[in-house]
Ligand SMILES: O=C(O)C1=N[C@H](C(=O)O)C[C@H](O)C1
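Just the one chain here, laid out as C-alpha cells, in the form predicted alone.
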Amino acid sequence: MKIALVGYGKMGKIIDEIAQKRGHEVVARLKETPTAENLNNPDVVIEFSLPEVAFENIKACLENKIPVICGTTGWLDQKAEIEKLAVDNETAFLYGSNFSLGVNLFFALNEKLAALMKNVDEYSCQLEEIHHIHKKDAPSGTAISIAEGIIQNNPKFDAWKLEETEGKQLGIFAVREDEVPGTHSVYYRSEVDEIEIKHTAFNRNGFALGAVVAAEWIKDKKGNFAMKDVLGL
C-alpha cells in the first residue's frame, strides 16, 4: 500500500519504520496540513498529530476521498462531523484511542467486568492513567474509552470526571510522569478487598503496529469503524 503519514513526531516515525518493514511505501511525511498535492496520492492516511489540528487534517483527507486511520486524542467533540464527512465522501474513517492489541483486549475485559459489577453495591470504581509528561490531553483517550465502556455496561454511572469518583460520575486520575508510554488501571474497592485490572505498555511499538494493521484492513472499505472491527472483538 501507499501510506501517507500526517503528523510526524515520535509515533509517526515508529509507524514509518513498521510500515516499511511490512512492505508498504510511505509516500508523504507531513507536519503541515495535508493537501491533494502534498499527500502524493496515498491509499490511506495514518494521522497522529495534535488535538488542535487533528480535525482539519482529517477533514482535508476525507474531502480528497482518502481513508483515514486516526490515533490523535483530545478532539472528539467534533468526531460526529468527521464521521458524516466519511460517509458523504464515500470513503472510510477509523478512530482509535489506542491501537494496541493488548489494550483492545483490555477494553473487552473491562466491559465484561463492568457488567459483572453492576449489581454488586459493595464496590466503588475508580480509574487511573499514567503517561509521559509530554502528553497534551488529560485524561487520555484510552482512559475515556475505558470509562465509556464502564458507563455503557454499568447503570451506576452516567458520566466521567477528572479526579475521584463522586456519585454517578466515574472518576479518572490522570498522572503525568517521566517517559511512561501508558499505564491504565481500573479498581473496584470495597471495605474488605480490591479487584484491579491493569494494562501497562512497555513502548510505543504496539500502538504503531496496530495502526498499520488497521490501515491494511481498511483498504477498499467505506464507512466508520473502530479497532474492534479490525480485531473481530
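In this text the structure is predicted, and so the values were computed from the model without any measurement. So that there is no doubt, residue numbering starts at 1 and follows the sequence shown.
Below, we turn to the form predicted in complex with the ligand, even though it does not appear here.
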(request) Decide if the three candidate residues S124, E166 and Q169 all line the ligand in the predicted bound form, where lining means a heavy atom within 4.5 Å. (result) no
(message) Partner absent here, but in the predicted bound form, which of 91 to 99, 78 to 86, 113 to 121, 151 to 159 has residues with a heavy atom within 4.5 Å of the ligand?
(response) 91 to 99
(message) Since only the chain is shown here, I'm wondering whether D137 would be in contact with the ligand in the predicted bound form (any heavy atom pair within 4.5 Å).
(response) yes
(request) With heavy atoms only and a cut-off of 4.5 Å, decide whether P67 touches the ligand in the predicted bound form. (result) no
(message) Under a 4.5 Å heavy atom criterion, is P42 part of the interface with the ligand in the predicted bound form?
(response) no
(message) Can you list, in sequence order, the residues from 116 to 132 that come within 4.5 Å of the ligand in the predicted bound form, counting heavy atoms only?
(response) H131, H132
